[in-house]
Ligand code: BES
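Below you will find one chain, with nothing else, as structure tokens; this is the form predicted on its own, and questions on how it binds or moves follow later.
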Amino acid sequence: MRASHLEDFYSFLRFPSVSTDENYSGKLTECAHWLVEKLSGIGLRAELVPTPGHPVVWARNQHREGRRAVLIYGHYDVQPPDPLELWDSPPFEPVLKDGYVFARGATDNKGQILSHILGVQETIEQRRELPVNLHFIIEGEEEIGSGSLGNFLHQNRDALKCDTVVVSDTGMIAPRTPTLSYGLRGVAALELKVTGPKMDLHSGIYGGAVANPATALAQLLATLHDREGRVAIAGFYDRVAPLEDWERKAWQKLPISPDKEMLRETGAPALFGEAGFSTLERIWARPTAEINGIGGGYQGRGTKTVLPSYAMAKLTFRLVPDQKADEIIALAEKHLKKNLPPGVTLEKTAGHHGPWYLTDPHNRFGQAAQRALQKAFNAEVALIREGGSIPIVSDFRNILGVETLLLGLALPGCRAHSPNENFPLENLDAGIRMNKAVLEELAV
């Protein structure tokens, strides 16, 4: 690892580029300017493209007729560092410990996108040119839904014409195991508010005569699943596409013990999910209904005998092929209305949503990516889906008309979005090798 590469990584991480908090807007712009300077310094034409939100960084080499075009996507915004007290070191002061760099954004996504930048830098230094026509698109709004990127892609669709997109914002199934992710779940959000009396009431005077919204909400939420973990919303599974036989067989051969490793990583006392499916099938190929937050009534210390005026909950549904977000939200709303206990009213607010993604890892570009991963890691490639969502990959398909290669460098214990986020220098090096190999393979 070059000392200059490590210093670049530290400099990138020191920007508190938190997109969810408007107080950090200036820092996001500073971080974007740093990227423009870095990309210009390695020989690319780079510019800062303003948007209604945070700017997009766009860089490219000199394009030549007859070469394949590749777009590499990443993001420079990061999650908030809270809770600060759970960090072992300040989140925006990177620390190297036992081969891992600890800082907010180390894995998601600064370490991963920087490895591509450094790979391009080394190729230009060694060969004076790249084997493909290249675009870097690095945005500052991924953590808040990529609200401006779709318009950017539409406005520059002709200039951004390419053969495929490369994204390293996903995970590796295990250390030193090159991983190609060919599927992602979609997501749809719904917020609920159950209201009873116009104000909090004395539970001794009114309890038993007025419906308790917190109790009603608990009863309502309990109807979402049966005892075996299956979502109980009528029609929820009607569009779920079954797994291919080759997928099930490939996942069974992966070099991991998913149940054991998930228990170790999460600290949960036991695993639980939809009956009849393995752990990997549940998180990669089955839809879910999750309660992400719940609240209402007195939350302070000690006892306050109130019957709360209202209670609320936040839900998300993870979607799989061929489910549609608007249909699932409509089915959920119908179910909730049908099962609402008496004495309360229900207010429903649909939130953000993003589609699922599935591509064929055996197509020409998928095979090229697998050859590149094998070269970079000198190991057999794992073909997986992932349980999370990256809505922008569907925009690349719908707007630019191309598929995305998801070549993740995040390890299972990277703690993205959590305190003590980390990224191994070993993977920064591997990402540099991977970038060189994948551009060579895609050029053919």
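Superpose the two forms; the largest set of C-alphas matching within 1.5 Å is the rigid core. The first residue of the sequence shown is number 1, and the count goes up from there. Keep in mind the model is a prediction, meaning the values are calculated, not measured.
Keep in mind that the form predicted in complex with the ligand is missing from the display, and what follows is about it.
Quick one: from Gly388, Gly401, Pro50, Gly41, grab the residue that has a heavy atom within 4.5 Å of the ligand in the model of the complex.
Of the candidates Gly388, Gly401, Pro50, Gly41, Gly388 is the one lying within 4.5 Å of the ligand in the model of the complex.
By the heavy atom within 4.5 Å rule, which residue out of Asn212, Thr170, Asn133, Thr123 makes contact with the ligand in the model of the complex?
Residue within 4.5 Å of the partner: Thr170.
Where, among 329 to 337, 256 to 264, 85 to 93, 141 to 149, do residues come within 4.5 Å of the ligand in the model of the complex by heavy atom distance?
Among the listed stretches, the partner-contacting one is 141 to 149.
Within 4.5 Å, heavy atoms only: does Arg318 come near the ligand in the model of the complex?
Looking in the model of the complex, residue contacts with the ligand include Arg318, since a heavy atom lies within 4.5 Å.
Does any part of His75 reach within 4.5 Å of the ligand in the model of the complex? Heavy atoms only, please.
So His75 counts as contacting the ligand.
Should Val166 be counted as a contact of the ligand in the model of the complex, where contact means heavy atoms within 4.5 Å?
Output for Val166 is no: heavy atoms all beyond 4.5 Å of the ligand.
Heavy atoms within 4.5 Å of the ligand in the model of the complex: does Arg364 have any?
Contact with the ligand, no.
Given a superposition on the rigid core, I'd like a yes or no on whether Asp88 shifts its C-alpha by 2 Å or more between the shown form and the other one.
It does not reach a 2 Å shift.
Glu290: CA shift of at least 2 Å between the shown form and the other one after core fit?
After core superposition, the displacement of the Glu290 C-alpha between the shown form and the other one reaches the 2 Å mark, so yes.
Superpose the two forms on their rigid core, then report whether the C-alpha of Val120 is displaced by 2 angstroms or more between the shown form and the other one.
No, because once the rigid core is superposed, the C-alpha of Val120 moves less than 2 Å between the shown form and the other one.
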